[in-house]
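What follows is a pair of forms of the same protein chain, given separately as structure tokens and numbered structure 1 and structure 2.
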Structure 1
């Protein structure tokens, strides 16, 4: 390989040396106005171009050198005072050269002067040159020769407004000439491939060919520059002819390059008006051609064009750009049997992008694109290609980004069907994208139907899908996902209670399918969403009271019971307990005693049966006490039962300290600091005394076990409760009782066995300070406190 390039360099150097050598003699002949010699040496110089040994880029170097020399020769030819031969004779004279390649280079050179002299119609000369150049059938040499022809004729085409335009020469001739040259060059270019024979297409050959592509493409560029090529001519002549060549050459590299070239060099407006013709070529291309890129670029250009001015939009509609594009994509996919799924999907993505940019108002188009994509996907047993997945995600994300509104996407009937074709992982990713889009835009999904569709879309997150590998799930990702779902539930909202209830039912239906791992995340959102509805109803209650109201808090509470009940499968008793308590509170607010009672019952059952952990018990009991304290809906009997239960539970906690704290907390159950709250001072005192007893017992146990008493914190805490109730006017709490307690604490603190504890000391000190403070405040409170002797 290395030797190959070395040899090539050597040959190139030899070629250049040859050119310089003959060019030197040619210059000498030119200086002495010796036409015969000049022709002889120039032909010899051009013979260096007959080499077959060089790759295109090195051959190009040779070509450029001769090109420069030919320029000099041309200016000599032009001046007939120097050689005394008319241009017509010169045109014959150069054709005497025995070798075809030098002959034709010289002929082209003289031909350009011939046209300039206007002694013959430009069209005739051009035609002759184009025809004669067929003599070179070697691909590389032919391409360069014809590119030379294109180069020298460029400014001599009988274009409109050109000096070469005349009665005999019309722009049609110019177009005809360039088209002809293009066709021949393309044939040569394509032949480079065939020359190598099948099965031996190496990368190097491909590379060499692509080095030459611009020579061919140049012709299209020239065509686009011809003034006279207006839309009419482009439509009638130029495009059909070019496409014919493209299709017939049956070469994938050429087809790809040329299609792209057409798209890039001609104006957008032309493309739009000839869309049908242009597109009709696409399905006819070779199956290996990268049509998707071609079409994507076309659509890109068109959508940019559409974006450039609003005036052109009607044109798009007029030519039915969308349906044509959509049609051709279908056909291309059909024609290219081997096209990978990723290709087909990419095409759809492009079309979708086009649609979104050009017809943002036509959701039916968007849906149509998705629909045809589904059709394609359904033919593929299983989508495994990562890139294809990526494209599907892009396909699905595009409408979201465009409309910034999931609601729009939800109206697309094919949207979920596309999602069905994603694998589980990607499906989740997509679902996350959807949720994030909703979050970002604060889109509110307000109808049950949409919610139904939405949950259908994100079902990858909502439930386990068959075949999913559960072990592979990343815990953190999973949490993240489920949290998102939970957040999403809050975005579903409708002012109409009836609709809202429907939404809740749907969400429930879907979330219930989620299995034990997901429920803890979703249920609470759902419960709170439902509770919100309850509160909303409460607000309305004044207005609507009737038998046939479809949505009543009662119904919702029934639903809630079922929802929370589902947590038992998880099981997650702590969460369930909290939710029951929340519901109870809501029921309380709705004045539904039985319902509230039922919820409490459920909570207690859970406490008894499910919550075994002592710490959890402590938390739970405090929650129960707190909630129960706020209940005002219960009749005496129910309330007694519940408070009794609660106190009972408190006293049965494991640790003494916990018992103590729970018990003194229970005291609040009997003293609601409210206008018509229960104020049962006796039972309060009972609780506090009991707490004190437990505290004592705790102290003794500590003594016995460790030889030293624990801190006096519990006592101080109880003291605070005493002071609270004392202040609230509980007759059962007397100042002497407080004094006694303070006394007790002091004794305990001073006893030897007590470990000094700065926290409880400080606590005590500030408590005493508080009493002092209240005393000094004066008034009713001050008087009351005055009775406490410190």
Structure 2
């Protein structure tokens, strides 16, 4: 291969040297106005282009050298005062050159001047040159010769408004000349492929042919620039002739390139009005032609044209662009039986993009495209190509991006059917795209039917699909997916309680099938969604019975109990306890004492039987105490039972410090400001004294274990509770009790002076400053605090 390249370089160098050699003598002849010598040496120079040894890109170098020299020669020919020969005679004279290739280059050069002189009609000269150039049938030499002809004639065509415009049909003559040149060049270009060889050589030939494609395509560009080519002429003459050549050449490279050229160089309006003619060529192309890219580019151009102005949209309806494109895509897929799945899906993506841009209001068109894709996918046993999967995701994402509303996509009957063809991983990706679209656009799904469809679409996230390998699941990805589902549940809402309950039941049905690993993520959202409905219904009587009873809080609480019970399979007792307490608060607001009591009972059962970790117990007991404090629905008996349980559990915590804090927190259960019935000063004092005993025991244990009593933080915390209840008017909390506690703290601090604790000291100082501040207030408060001697 290397030797071949070296040989080509050597031949190119020899050719350039020959051109330079003969060009030197040609220049000398031109300087002396010697026409005969000039023609002789120019013909010899042009003979260097007769070589067959060079590949196209190196032949091009040779061609450009001679092109520059021909420009100089043309300038000489123009000035007949230098050579004294008329242009007509000159046109005859150059035809005496010995070899056909130099003769034709010279003929084209003089022909250019001949047309400019207007001594003969441009159409006659052009026709003559076109016919003469048939004399060179070698592919590369012929292509470059005709390229030269196109180059020198492009500004001399008998077009409307051109200085070379003649009588009637001049535009037709110009079109005929360019079409003829295009046809001949395409035949030469295709002929390069006919010399078949080993695979590597054929590959090389394809590359060489690709290097020459622009020479052929320039003719189509020239056609598009002719002013006289209006829509009628394009429709009746230009497009049919070009397509005839494209289809008949039966060469995949030429067909792909030329179809792309047609789409790119001619106006969008022409494409729209001749859509049927243009599309009719697509199924006739070779099976190896990349038709999907051709059609995709056509649809992109038409989409951009539609987006450019609303005035053109009626034209699309008039020509029935959608149905024509849809039909041809079906025919192409049918004709190209070996087309890969990715190609067919890409065509549908392009058609859907076109539809969404041109006919966004026609959901039936969108659904039709999806249905057509489903039909194609149904013929594929299993879609495994990653590129095809990516295109399916693009297909499904397009409506979401266009409408910014999942509700619209949920009305498309074929949307779920397309998703069914995705593999498990891609199904999850698409489900995440759907959820992200809902969150981004704040889309509210408000009917049970649509929620059912939506959860069918995202089933890959909410339950294990057959064949999924659960062990391979990335933990972080799994959490992100489930958190997304949890957020989605909050976007399902309807003001009508009955419809909202249906939505909750559908979500419950789907999420309960998710297995123990998913439930901790989704149950919370479902519970709070149901509690939101309860808040809507506050005040409704919940004891009505019968078949057609309206939605009542009591019914929802029964459902909530079942939902939270499902967490026992996980198990997740801490979460279940929190949710029971939330439900108890909601039952309190609905004045349902027995329901609230039942939720508290469930919370205590979980605390006793399931929560063993000491830290979790501390958190749980404080949650229970805090929730119980806010309850006002309980009668005396039920409240006493629950508060007794809470204080009992508080005193049985593992660490003394935790016991102390939980017990003094229980004091708030017996003194609630906004309820006159619950202000039991004695029991408050009992809780605080019990907390004080526990704090004292904690100090003694610390002293025995470490040789020092440790910080007095617990005493200061209890002091703050004493001050709180003293200020609230609890008669059992006296100033002397507060003074005694302050004295105890000071004694403890002094006895442990070897280990000062800055935090406890600062806490105590702040507490004492508060007492002082209250004293200075004056009035009833100041008088009350005045009795405390510091």
Partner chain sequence: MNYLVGAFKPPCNIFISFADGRSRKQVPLKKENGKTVMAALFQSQENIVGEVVIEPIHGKKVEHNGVKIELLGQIELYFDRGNFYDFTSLVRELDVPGELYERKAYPFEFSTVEMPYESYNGVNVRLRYILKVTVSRNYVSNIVECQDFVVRNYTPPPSINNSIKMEVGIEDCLHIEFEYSKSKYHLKDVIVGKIYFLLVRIKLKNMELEIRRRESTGSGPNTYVETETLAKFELMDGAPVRGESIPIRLFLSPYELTPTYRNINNKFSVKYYLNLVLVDEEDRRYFKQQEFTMYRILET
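Residue numbers count along the first chain shown, from 1. Just so we're clear, the structure is a prediction, and the values are computed from it rather than from any experiment.
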The form predicted in complex with its partner chain: is that structure 1, or is it structure 2? 1
Since part of the chain moves as a rigid unit against the rest between the two structures, which of 230, 118, 32, 375 is at the hinge? 375
May I ask you to give the angle in ° that the smaller rigid part rotates through, relative to the larger, between the two structures? 15
